[in-house]
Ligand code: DGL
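Taking the form predicted alone, here's one chain by itself in structure tokens.
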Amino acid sequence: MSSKAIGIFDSGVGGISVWKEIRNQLPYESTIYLSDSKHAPYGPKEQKAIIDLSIKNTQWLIDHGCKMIVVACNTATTNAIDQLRIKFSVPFIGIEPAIKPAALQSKTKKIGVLATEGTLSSNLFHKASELYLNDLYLVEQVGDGIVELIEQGKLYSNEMRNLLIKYLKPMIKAKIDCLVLGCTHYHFLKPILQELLPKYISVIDSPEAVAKRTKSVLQQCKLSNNKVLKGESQFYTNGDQAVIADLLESKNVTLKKIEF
């Protein structure tokens, strides 16, 4: 079992940010990444639809021999991970907005959260936020249109830049000093955000913490791969292969288009 792959899924290419960090911290683990770009974004969908898609993705990865599932999607985690843990026996790692590290870091106690509608409206997000609400002022912003532009390969377009300026304006006006990225797709916006934001605003997301948690759970469950050969990386998408290829910036992976 320990030699089997870690399964990772997202509503598209955003979870590649998580895959990169897992690959960095766990180079001997094999991974299988499933990009459900066909149904992206998950954020505006009803919870039942998000749960159904998450079950479908998980079943596909388990059918391909995965020993653990990383839900590299904030919306799928906050809306479906409890149901996934009930239905399947493999360990699950989820991802949610990094409110805690932002709360610890913030000096103004004013934090911006850029996320999908599905994440911001979820019970899990509200429970996480309530732990710090007595001490924090949250400026929440639904990132409508961002995932779609990234999936279309328009990461550095003027359209993206104008959208971000619009979303960041009220946060800057509210004097936030931390911006939490509540969607794995948004990780790829960091270079643009650092140009648009004042220098005193820190941008915080979750891939590194997710990879650390993945490593810890593998060890706890005695599932770590002890072989000394580097693991293989396989990518499957029902969307545009070119978008994934651009974000991967690597030729040492297997990338295949599937009907899914």
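Here the structure is a predicted model, which means the values were calculated and not measured. Note that residue numbering begins at 1 and tracks the sequence as displayed.
Another form exists, predicted in complex with the ligand; not displayed. Remarks below refer to it.
Residues of just one listed stretch (22-30, 58-66, 222-230, 35-43) have heavy atoms within 4.5 Å of the ligand in the predicted complex: 35-43. When you look in the predicted complex, the only residue of C178, L189, V147, A98 with a non-hydrogen atom within 4.5 Å of the ligand is V147. Heavy atoms of C183 reach within 4.5 Å of the ligand in the predicted complex, making it an interface residue. Residues of 88-102 are not found to place any heavy atom within 4.5 Å of the ligand in the predicted complex.
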